[in-house]
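Heads up, the chain below is alone and in the form predicted on its own; it's given as structure tokens.
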């Protein structure tokens, strides 16, 4: 009896271990750790991020300041930890809004079809042709610099990117047997689309959203770098690269290099996660 009772459990654990992607697991753990560090910034940062000490300006890394100080004597490590908050929050909002809009437009257009589908497709094509940075600059000119305008603008820019990839998957799923079965059972289009169609395309959505997150982070950092996003003295990695540029030319590279490496590492980790998620979709179940 004990053998029969434990066999299903052993099979499920073995199946889980075989399907576990070690690379994706490690990358996910590192990303979660970085998010936890950003959330716990007040407890982990050795100094307040905006604390100025001109006597310690442009100090090299030391025991007191592990990554050195900037031109105003602010601790770079502290600003890097606090800056992770906005650096992560902005792309997360962009991808969340773009995903909601992309999934909604794609599912509704695939289901309804006809003129509505053609209008949505042409509108997405037009948005896809406009560079996201240009949209962000226009939004900042209208609303003003900060985080809100670039997030709204880049959300619009990333919506067609996610929608175009999702459309082919949704079209394939639309003609499968379970959709026809739901129709024969008398379920409404809303119920079939959101209760059955959306869950089946979500793996592709997650993979594309992960890949788009890295691009959104770079775009948002670029907007801040040119002075149209988050404004100094608020810590944010794009702002830190911009602030550290002058110091870099004067022989004090600590801030620009630290923030630049942080951006590269996070983008690399997110891209690897997205690639591994996309790879899992190609494997037979």
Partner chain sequence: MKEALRVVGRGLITLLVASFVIYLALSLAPGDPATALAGNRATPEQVETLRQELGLDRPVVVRYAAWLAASLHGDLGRSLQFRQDTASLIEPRLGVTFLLVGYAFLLILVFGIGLGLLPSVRSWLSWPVVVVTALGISIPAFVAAMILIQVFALNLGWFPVLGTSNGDLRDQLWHLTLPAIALAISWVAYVGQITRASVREQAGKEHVDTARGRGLAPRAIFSKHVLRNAAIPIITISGLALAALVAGSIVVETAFGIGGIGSLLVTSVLAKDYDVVLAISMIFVLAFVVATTVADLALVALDPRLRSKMSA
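This structure is a prediction, so every number in the text was calculated from the model and none was measured. Residue numbers count along the first chain shown, from 1.
Just so it is clear, the following notes concern the form predicted in complex with its partner chain, a form of the same protein that is not shown.
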Complete contact of 25, 93 and 100 with its partner chain in the model of the complex (any heavy atom, 4.5 Å)
no
Heavy atoms within 4.5 Å of its partner chain in the model of the complex: which stretch among 39-47, 55-63, 26-34, 219-227?
219-227
Contact residue in the model of the complex, chosen from 185, 142, 112, 119 - any heavy atom within 4.5 Å of its partner chain:
142
Please tell me whether any heavy atom belonging to residue 264 falls inside 4.5 Å of a heavy atom of its partner chain, as the geometry stands in the model of the complex.
yes
May I ask you to check whether residue 130 falls inside a 4.5 Å heavy atom distance of its partner chain in the model of the complex?
yes
Since only the chain is shown here, I'm wondering whether residue 67 would be in contact with its partner chain in the model of the complex (any heavy atom pair within 4.5 Å).
no
Partner proximity in the model of the complex: residue 234 to its partner chain, non-hydrogen atom cutoff 4.5 Å:
no
